[in-house]
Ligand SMILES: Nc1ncnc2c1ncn2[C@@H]1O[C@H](COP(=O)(O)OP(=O)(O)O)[C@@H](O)[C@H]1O
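Just one chain follows, in the form predicted on its own, and it is written as structure tokens.
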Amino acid sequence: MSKRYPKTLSAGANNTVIALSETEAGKLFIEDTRSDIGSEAEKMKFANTINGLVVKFIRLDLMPDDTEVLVMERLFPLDFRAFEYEKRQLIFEVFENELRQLHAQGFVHRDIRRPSDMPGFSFDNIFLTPSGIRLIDVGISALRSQVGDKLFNKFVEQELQELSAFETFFLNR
């Protein structure tokens, strides 16, 4: 790491995301949630085998002070408002198709829309990047194999409602 890194990109109640380099970011977990690091890594790896919608998992590592870190690709978000409506429609269609692919393979993100009573932006787990829309923060995501069909289907139904709200937001309709 250079003197430019690490630097904080965001901080939440349970973790902090830092830039490790121009190509990598790391998610540091609060002490009492340390067990989540492995679970989140496994979910990212699973989603990465299906398509490129979820941020790419790179490795689990230790910082120089022995803090555990989940290392992932560093994303550089774009402002979707800079794109014409027709381009945003195409981008959204790809996003929707990739999200449905994840669902069909047994993965649901569960956090594409932040509840209005929580701090932060409504859709702050969705980034528009030069390669399209990407999802971050799979901490509460679920795998059908872990939660069973009934709960998984409920989560998918909720996520499709969130997707509809995101479409309205993203396309500014």
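The first residue of the shown sequence is 1; numbering continues from there. Being a predicted model, the structure only gives us computed values, none of them experimental.
Beyond what is shown, the protein has a form predicted in complex with this ligand; the following relates to that form.
- If you check this ligand in the model of the complex, you find a heavy atom from every one of 15, 25 and 75 within 4.5 Å.
- In the model of the complex, no heavy atom of residue 36 sits within 4.5 Å of this ligand.
- At the 4.5 Å threshold, heavy atoms of residue 68 stay clear of this ligand in the model of the complex, well away from it.
- Put simply, residue 57 is far from this ligand in the model of the complex: not one heavy atom of it is within 4.5 Å.
- Though the partner is left out of this view, residue 127 does reach within 4.5 Å of this ligand in the model of the complex, counting heavy atoms only.
- Note on the partner interface in the model of the complex: the residue among 153, 10, 21, 161 having a heavy atom within 4.5 angstroms of this ligand is 10.
- Of the candidate stretches 143-151, 100-108, 57-65, 130-138, only 130-138 contains residues with a heavy atom within 4.5 Å of this ligand in the model of the complex.
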